[in-house]
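Listed next as structure tokens is one chain, alone, in the form predicted on its own.
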Amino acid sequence: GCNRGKEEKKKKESIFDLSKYIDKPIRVKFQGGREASGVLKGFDPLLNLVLDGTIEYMRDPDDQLKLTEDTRQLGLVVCRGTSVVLICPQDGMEAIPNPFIQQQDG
């Protein structure tokens, strides 16, 4: 019948468990290209996030996909879950060499 859809909706669990990142620094990417990092203080099943000590990484005005060295202090913020694209631990962001670039032979 019609009731099945309602029951499934009620059991909506969060896609992944963010509780292990509570009080730890994380980095968040948003739709539209903004990036910020801060200490995760809270979240809900819709992935709305509360971050403290938040820093936004400013983008290059000429190339919105490129981050500059500039940052902006935002402090305590609530991130809307619908605009969050990516969440990762701050210490897990390390640059790896691009395997697709042909190595120059000296």
Partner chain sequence: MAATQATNPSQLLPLELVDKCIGSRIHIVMKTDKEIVGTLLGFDDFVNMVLEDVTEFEITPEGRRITKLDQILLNGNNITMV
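Numbering follows the first chain given and starts at 1. A quick note: this is a predicted structure, and the numbers were derived from the prediction, not measured.
The following text describes the form predicted together with the partner chain, which does not appear among the structures shown.
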When the contact criterion is heavy atoms within 4.5 Å, does I22 count as touching the partner chain in the predicted complex? yes
Find out whether any non-hydrogen atom of I26 is located within 4.5 angstroms of the partner chain in the predicted complex, and reply yes or no. no
Look up in the predicted complex whether G53 has a non-hydrogen atom within 4.5 angstroms of the partner chain, and give yes or no. no
Spell out, yes or no, whether the shortest heavy atom distance between S83 and the partner chain in the predicted complex is within 4.5 Å. yes
